[in-house]
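Each of two forms of one protein chain follows alone as structure tokens, named structure 1 and structure 2.
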Structure 1
Amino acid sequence: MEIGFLGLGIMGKAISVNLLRHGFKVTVWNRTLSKCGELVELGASVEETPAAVVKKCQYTIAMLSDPSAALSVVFDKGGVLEQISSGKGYIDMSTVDADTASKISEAILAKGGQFLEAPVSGSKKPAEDGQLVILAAGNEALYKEVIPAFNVIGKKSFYLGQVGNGAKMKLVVNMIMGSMMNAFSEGLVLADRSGLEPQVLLDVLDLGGIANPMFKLKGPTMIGRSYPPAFPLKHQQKDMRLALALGDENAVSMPIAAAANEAFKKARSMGLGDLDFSAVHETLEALKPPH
């Protein structure tokens, strides 16, 4: 199976390395071509435009940083649209909103191509280990054809129906995550101010019914008020906003998500947007009276 791969950022590189290691032939493209070198050493071919990749490969996967990059790779000169055609599949794993996914889908379909949106849950480490969760939606036949690749990329893939559903599912998950992060932060601060040891709270939480990897991973750094960006706060806040907008469309009242969104906005107003989303903790900690 020959696979094209567009975009070699942190996630894209990890995924394409994984595919190569599992014996897939991979042809890569990246806006900054020099980033392709490491992949070539592992056996990848390189093409100079997305169009050239699509021309060469039956299936092309994209993993771009944001909606504008995702659109540009498709619609610009030398883009996917120039070569996509009947019998070729395009799988966009970038995290984009439902509108962007739909716009790309329509353009690909208009050229006779097949389209799948397939955003993932998980960050760098799961990407390297092939442990992502794949939220695919769009052409079901294409989904079935690329399952061998998905099996390498992720520990599990879901087929969610029409294009847009992948983006929506990801928003729902991230919304719950953002509210949970705020609940967790409030608990850490309440413990601390009430004379309890926050580290002991972590230990107690980890033994109970709400134990989860996020608390375990982020708790110690939050206690230390350190927030190296794994998932930037401004992106988390954007996802909260988009989830609330989705709720607005469907008349779903979500008071907890709304309160959490305002806390993330406050963190942004404090200049913390580029830190990890756990930095929302500072909206409470920063108000601590001096010792």
Structure 2
Amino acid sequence: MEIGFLGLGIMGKAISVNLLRHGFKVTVWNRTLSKCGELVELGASVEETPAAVVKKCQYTIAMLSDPSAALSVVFDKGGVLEQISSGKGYIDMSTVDADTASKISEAILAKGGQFLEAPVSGSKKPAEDGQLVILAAGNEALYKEVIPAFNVIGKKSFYLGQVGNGAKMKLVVNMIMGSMMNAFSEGLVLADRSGLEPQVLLDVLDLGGIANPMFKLKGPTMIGRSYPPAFPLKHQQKDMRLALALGDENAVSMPIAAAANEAFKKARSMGLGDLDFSAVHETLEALKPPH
């Protein structure tokens, strides 16, 4: 199966490498073409525009940073719409809002193409290990056709019905995750300031009812105040913002998510946007009185 791939950020690169390792032919495009070099060494082909990738491949996957990037790759000059046609499928794995997914879907369908939104739950390591959770919605026939690729990319795929449902599910998941990360940060700092060993807190949490992989994975690096980006903080804040907008639309009160969003915004204002989202911890550490 030949697959096109648009966007070689942290996630796109890991997914593309995985597809190549599993014997898929992959043709890549990235706005900064220099990022394609490593994939070429692994056997990928490169095209200079999204349109050229779509022309070459029956199926094209995109993994872009936000709604504006997702839209520009489809609608701009040299974009997906110039070559999408009957018999071709476009799968957008970017985390966007339901409106953006619907806009892209309508444009692809108008050209006779098939569309699937398929945002993923999981960050850098699950992407490298093929352990993502895929939240797909849209054309069910296309979903069935690309399952062989999804089975390499993820540990489980969900088909959620109409376009928009994938985006909504992803935003709910990331909203909960962002809120939890803030509570976790407060707990680590509270333990430390009140004379407890933060590492012992991690051990206690790991044995209780709220044990989870995120605390286990991120806790030690947060204690060391190191935040290598698996999921950049600026993207987490974008997802909080989009989730809060979904709350507005549905008249759902979300005071905890709103407070978490403010903490992520503060972290961005401190210049932490490109670090891992766990760097929101620094908004509390920064309050430390000078010794």
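Note that the coordinates shown come from a computational prediction; the quantities given were computed from them, not determined experimentally. Rigid core: the largest C-alpha set superposing within 1.5 Å between the two forms. Each residue is numbered by where it sits in the sequence of structure 1, with counting from 1.
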query	finding
Selected structure - criterion: the form predicted in complex with a further copy of the same chain	1
Hinge residue among 25, 164, 177, 247, where one rigid part swings against the other between structure 1 and structure 2	164
Interdomain rotation between structure 1 and structure 2 (smaller rigid part versus larger, whole °)	15
Displacement in Å of the C-alpha of residue 234 between structure 1 and structure 2, rigid core kept as reference	5.6
Per-residue C-alpha deviation between structure 1 and structure 2 [residue 270; rigid core superposition; Å]	8.1
C-alpha positional change at residue 206 between structure 1 and structure 2 - rigid core reference, Å	2.5
